[in-house]
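Only one chain is shown below, in structure tokens, and it's the form predicted alone.
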Amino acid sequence: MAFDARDDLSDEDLLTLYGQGDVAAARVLTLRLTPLAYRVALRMLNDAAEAEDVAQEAMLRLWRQAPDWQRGTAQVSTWLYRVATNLATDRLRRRRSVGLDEIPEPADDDPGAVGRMIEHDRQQALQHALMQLPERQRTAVVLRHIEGLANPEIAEVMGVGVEAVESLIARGKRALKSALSGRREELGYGDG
């Protein structure tokens, strides 16, 4: 793929350009931000197809917002995190009538060595434990410890204060520790 001068522009500059009709700016921004929305949705939903749908819907909403984007009001990525999180949360609420136990676990198509199997089991255990958390705790933990956002960014995404984020993360981590503590040996961590 050839270098595009737009590659060096900020998300906000690209969105503004797209809002003015620059389709190439949209392509660059899509390649940059769609994986972000997909990762968040996948961690929250544990379903690749649904995560793709959420990422596409989040990007469509971003494109609709482009002509009216107010520069300096929010980071584009923060806005997209919020939209993707809200869309995933809506899907989780609709799922409740199905029951989380009825949703199949994703298949591991990559056969490998024992280390890969152990890592896979650890990831599955973490994902299962994450899915047991209340939505807001799960969202805070995913955004902080998996996506690497800072607490003020998470607060903006979730529409709560930083103190609430800290509390949600702390409660979520305690619940994860409790859910996984009895599985240390099974997951290859030994007794320590």
Partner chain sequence: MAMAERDMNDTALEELFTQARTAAPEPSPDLMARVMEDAARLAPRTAMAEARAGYGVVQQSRLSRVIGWIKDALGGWQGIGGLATATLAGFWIGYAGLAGTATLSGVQTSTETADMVELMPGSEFLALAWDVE
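Just so you know, these numbers come straight off a predicted model, no measurement behind them. Positions refer to the first chain, counted from 1.
Just so you know, the form predicted in complex with its partner chain exists too; it's not on screen, but the next bit is about it.
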Does its partner chain come within 4.5 Å of any heavy atom of Q123 in the predicted complex? yes
Using heavy atoms and a 4.5 Å limit, would one call K173 a contact residue for its partner chain in the predicted complex? yes
Hey, in the predicted complex, does L180 get a heavy atom within 4.5 angstroms of its partner chain? yes
Close approach of P134 to its partner chain in the predicted complex, 4.5 Å, heavy atom: no
Among the candidate residues E153, D53, E166, D47, which is the single one with a non-hydrogen atom no more than 4.5 Å from its partner chain in the predicted complex? D53
May I ask whether T34, M59 and E119 each come within 4.5 Å of its partner chain in the predicted complex, counting any non-hydrogen atom? yes
Check each residue of 17-36 against its partner chain in the predicted complex and list those with a heavy atom within 4.5 Å, in sequence order. Y18, G19, Q20, G21, V23, A26, R27, T30, L31, T34, P35
